[in-house]
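Read the single chain below, which is given as structure tokens and is the form predicted on its own.
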């Protein structure tokens, strides 16, 4: 069984790997704000589960299974961030909240979020009127009348 913390490590390893091209213990420790000894302990667990390849004094690599899980987590996280930003949540808060939400959302809920984002982002108008009205409502707590409300 993969824990939430293990998921965090896999996603961070995936992100660092794609940003730097290689992953070291100190990179993970810095990104997760933990001690290197904690990283080593988790890497050993992930290695035992066959999710990473970890050998002392070598770069850390994801196995095919580990990469699939990490990529899925990264995509899930990105969709949640996009959804929250679409609602008008600040970038910083969206990233923090998405990190928490990525562990608890069901597949059904995530699928609806993805569908919603794709629906809104493929609208032929730059920003749909109802979304502008929603953002106005969030800011001023007053409702604008849209064409459909008349």
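Positions refer to the first chain, counted from 1. Source: prediction; values computed, not measured.
One more form of this protein exists, namely the form predicted in complex with the DNA; it is left out here, but the text below deals with it.
Interface residue among 95, 40, 53, 118, judged by heavy atoms within 4.5 Å of the DNA in the predicted complex: 40.
With a 4.5 Å cutoff on heavy atoms, residue 34 counts as touching the DNA in the predicted complex.
Residue 11 falls outside the set of residues with a heavy atom inside 4.5 Å of the DNA in the predicted complex. Although the partner is absent here, residue 45 lies within 4.5 Å of the DNA in the predicted complex, judged by heavy atoms. When the DNA is considered in the predicted complex, residue 57 lines it closely, a heavy atom lying within 4.5 Å. Proximity to the DNA in the predicted complex, taken as heavy atoms within 4.5 Å, picks out 26-34 from the listed stretches 82-90, 65-73, 121-129, 26-34.
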